[in-house]
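Quick setup: one chain, the form predicted on its own, written in structure tokens, and binding and motion questions come after.
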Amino acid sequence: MIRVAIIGAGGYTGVESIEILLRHPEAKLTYLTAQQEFGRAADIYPQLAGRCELAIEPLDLDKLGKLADVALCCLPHKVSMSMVPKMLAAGVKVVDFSADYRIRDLATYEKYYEPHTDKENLAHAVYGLPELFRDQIKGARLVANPGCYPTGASLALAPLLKNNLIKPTGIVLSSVSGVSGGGKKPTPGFHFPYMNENMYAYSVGVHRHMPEMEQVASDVAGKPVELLFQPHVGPFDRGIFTSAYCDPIAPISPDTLKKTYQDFYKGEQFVQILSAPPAVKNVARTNYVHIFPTFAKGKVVVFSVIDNLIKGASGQAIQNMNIIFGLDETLGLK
């Protein structure tokens, strides 16, 4: 039985992780911590009443080392890299939800985020997108859980890039996220009177997930890939709808395009290739990715949908945890 701690259990990804672990047959939730909200988990999240008796408390590293084999680290960027080295030193493996260990190039990370304080572990972290990097994840001590936007986008593009079917420049990605992507802390832009029946773009041309997407795309393609990513927020709770627009290198038939995706993801438990455009409601509260590739006016167009809190965060983290410990990676997730 794997003993699991959640560091930063007071946020949306923390409670989603609790929900999944409560139904995991080979994992036991043993320790919950937070930075601000303390007390019984069931008092903070009443939906856990009768199902989770653990308290959320301040992090004690000695206690963590005694109680857990792995920590799901749901701390914010910068805060995470100050704590992950201490968790690893305590003998605990870590799946980190922040961006602190996702981007290998230090200058790129610091351009979009913060000065990095844990270069040693950055060099050894494994990027945790199982469908693309499963072999590297097995047995890893530190896994960088991918961003929510990069998960849907990378899985949409990977078959095209791996098979050299599209040009590595001029790729445009447009994504719409539900408001839970902004986290639990209230902000004016996510206030109900503003967000209801509304939609808007943000971070035009400079969103910090763009270099993460380019890194993954370049790794899959085996050469540099440049893309433009534009995020939006829509008036729904959870989910991400991504549209990708690419220039084909040579003509390809719709049937061949679909078969390329089916072959690439053959055997993948959580990827479904559809015959029509997907919808976010059809993956809500699941770890599934729905993808539909097609053509429009000479472009290869690919749509993907995920639940940003599950496949885009907590579900993927537990999928990674399962792989690290050699378990069936679907445990707790189906």
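Bear in mind that the values here come from a model prediction, so they are computed numbers and not experimental data. Quick note: we count residues from 1 along the sequence shown, nothing fancier.
Beyond the structure shown, there is the form predicted together with a further copy of the same chain, which is absent from this document and is the topic of what follows.
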Exercise. Work out which of the listed stretches, 98-106, 82-90, 117-125, 223-231, brings a heavy atom within 4.5 angstroms of a further copy of the same chain in the predicted bound form.
Key: 223-231
Quiz item: Only one of 184, 141, 162, 258 has a non-hydrogen atom within 4.5 angstroms of a further copy of the same chain in the predicted bound form; which is it?
Solution: 184
Quiz prompt | 67, 61, 301, 54 - the one with a heavy atom within 4.5 Å of a further copy of the same chain in the predicted bound form | solution = 301
Quiz item: So in the predicted bound form, does residue 78 come within 4.5 Å of a further copy of the same chain, heavy atom to heavy atom?
Solution: no
Exercise. Examine residue 39 and determine whether its closest non-hydrogen atom to a further copy of the same chain in the predicted bound form is within 4.5 angstroms.
Key: no
Quiz item: Closest heavy atom of residue 262 to a further copy of the same chain in the predicted bound form, within 4.5 Å or not?
Solution: no
Practice problem: Please check if residue 218 has a heavy atom lying within 4.5 Å of any heavy atom of a further copy of the same chain in the predicted bound form. | Solution: no
Quiz item: Each of 23, 191 and 241 near a further copy of the same chain in the predicted bound form, meaning some heavy atom within 4.5 Å?
Solution: yes
Exercise. Would you give me the residues of 110-130 that have any heavy atom within 4.5 Å of a further copy of the same chain in the predicted bound form, in order from first to last?
Key: none
